[in-house]
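A lone chain, given as structure tokens: the form predicted alone.
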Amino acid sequence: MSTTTTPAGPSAPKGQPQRAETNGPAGQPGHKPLVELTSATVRFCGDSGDGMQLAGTQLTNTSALAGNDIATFPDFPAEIRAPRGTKAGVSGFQIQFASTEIFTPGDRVDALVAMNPAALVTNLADLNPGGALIINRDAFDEKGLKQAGYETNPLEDGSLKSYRLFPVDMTRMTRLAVESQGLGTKESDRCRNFFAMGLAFWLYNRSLEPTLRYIDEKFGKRPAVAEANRLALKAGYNFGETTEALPSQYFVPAARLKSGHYTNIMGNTALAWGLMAAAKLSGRDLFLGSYPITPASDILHELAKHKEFGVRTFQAEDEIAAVTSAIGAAYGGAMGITTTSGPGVALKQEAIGLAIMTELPILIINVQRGGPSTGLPTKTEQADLLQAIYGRNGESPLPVIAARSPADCFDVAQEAWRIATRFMVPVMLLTDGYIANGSEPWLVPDFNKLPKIEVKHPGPIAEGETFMPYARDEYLARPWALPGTPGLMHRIGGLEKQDITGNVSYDPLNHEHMVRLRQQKVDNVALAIPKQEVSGPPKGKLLVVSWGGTYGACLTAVQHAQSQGLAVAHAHLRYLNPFPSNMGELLKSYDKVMVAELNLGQLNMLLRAKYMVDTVGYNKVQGRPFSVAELVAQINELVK
């Protein structure tokens, strides 16, 4: 084995010593040098029907099995049936896999696999100079170039000279590889993504075995299609091994993660599993009333698979029916949940007010997307915060919490239900498209070690006594009475209630009293949540505040600033209404406060209004997450 200093990948930062070997730990035979990397970022892009999500998912799963830390960013087209070959129909999947802990899918990519001209033109700007550019040359015909807006062929006009260009006849070679299976041209061409997978697997020294098993499971009932996909996958791998165009392979060693059993998990899946765990931990049956909407639908799909765990799912005819069915389930003593995105929350708001008035514990899950109206249904945004806190008629307070990453969704689901049942209040749980569709390794917990969620129901009362449905405990929570319990007959509804008795009341003073009481109950949540923590010095030049899916990029940027000796800290908020009890003190401990969010400054406005601190907003509304580089630049500017 020889050691050399090489770039960390097809386009890695300079100055990172690496090791070149003749054979890698994966045991793949080969004659080309194997270069060790600390991390690699790869993006597949093509038409929405080209299977780019599958290609990225398989590379993700294979990298997870290899022990890497991973983070992914699927990017879907907004239009379901955009014309083939157009920029509107481009689909992409980005993955970063590393031998160290990472928190983002990478700013820029080291290797870009583009299946057609439209995919190239919409993704090229994110490829690092000197990066590997693998192109399906067969798609660069006159029609494809015209649809993408090219006047000349970029493979021939020298415009790609700053990249390591590898044009590959993927369509032709895929057809040759699968011709023995007797498939038609369209079915043969659908195997191109497996050819691209095989080539990427060779480039990064990945085992084919997990994907071969996937093919057997997915296409086992169609032997010819299964064999064609296997042949295409192996053809792509063998092409990488035999072509002289690709001079070396790359290898990312396993990461040193905390010991235990891991699985690769997406945000929506983790949220569904967290909801099921919360139901079991509280001894409740789980009921989900939902109307399908991007990007929240996968929560419904996942929960519908698990009826054996006491899960009941209802695909309602509209958003109003979805939330009111959840309220009905909560009235009956079940864990009532509804899932949606921002447009669906708008339709649910009157019924959410009913849940606030009746003081029933339900969870409203908003997987945020770009707006307004239909907006950018497949892109991420954080612009529903004010809607979550203030979007209902009247004084209608409820707690709002947000997940920070795909794996964190599992924990946040349980925390939301813990708050809802402890305070007898509906809780809004925010994620976003970036979290919902992204994935990362998740350390599977021991269920028996998860903290129980204690739920109390009043028992029968003695003859002659009167049940008071709006009596309060020390947190101002009212009793959760189950229908049918002897002596607990009571009435709840949308009309204002008299304190303690629950009778309908039109008394002005009682109304103000109840409004203030419901607000105080939500404020009391601050007594039962942790104080806000910071990553970095407890005081200094700058505090970076973030929430939701911006966690990884902000944390990475702050760590970079700290490595440069800057007195910068990071505070990521899970609890958005109410804020943690020490939030005001924390904000005043730094010379400057930067609030980074994917909207025009909603959290920033709330913090400034409540704590009278001159915070600085850093905002982006492009349907894309922050890059670490742009955050680092802003941090440096503010510290100066």
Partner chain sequence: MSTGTTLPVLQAADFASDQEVRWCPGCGDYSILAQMKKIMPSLGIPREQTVFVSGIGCSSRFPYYMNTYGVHSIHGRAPAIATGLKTARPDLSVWVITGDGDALSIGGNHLMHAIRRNLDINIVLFNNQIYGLTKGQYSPTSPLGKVTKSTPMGAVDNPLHPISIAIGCEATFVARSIDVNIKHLGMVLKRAAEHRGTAFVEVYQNCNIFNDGAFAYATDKESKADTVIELEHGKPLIFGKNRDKGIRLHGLDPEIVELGKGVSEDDLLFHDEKAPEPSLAYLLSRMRHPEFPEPIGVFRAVDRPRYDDEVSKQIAAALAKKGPGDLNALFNSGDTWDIE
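None of these values were measured; they are calculated from a predicted model. Numbering follows the first chain given and starts at 1.
Below, we turn to the form predicted together with the partner chain, even though it does not appear here.
For the residues Val225, Met276, Ala383, Val121, the 4.5 Å heavy atom test against the partner chain in the predicted complex is passed only by Met276.
His490 is the sole member of His490, His511, Arg137, Lys234 with a non-hydrogen atom lying within 4.5 angstroms of the partner chain in the predicted complex. By the criterion of a heavy atom within 4.5 Å, Pro292 is excluded from the residues contacting the partner chain in the predicted complex. Taking non-hydrogen atoms only, Arg312 approaches the partner chain to within 4.5 angstroms in the predicted complex. The shortest heavy atom separation between Lys497 and the partner chain in the predicted complex is within 4.5 Å.
When the partner chain is considered in the predicted complex, Gly67 lines it closely, a heavy atom lying within 4.5 Å. The stretch in contact with the partner chain in the predicted complex, judged by heavy atoms within 4.5 Å, is 261-269, chosen from 154-162, 544-552, 261-269, 519-527. Taking the partner from elsewhere, every residue among Arg213, Ile320 and Pro483 has a non-hydrogen atom within 4.5 angstroms of the partner chain in the predicted complex.
Looking at 332-347, the residues that come within 4.5 Å of the partner chain in the predicted complex, counting any heavy atom, are Gly332, Ala334.
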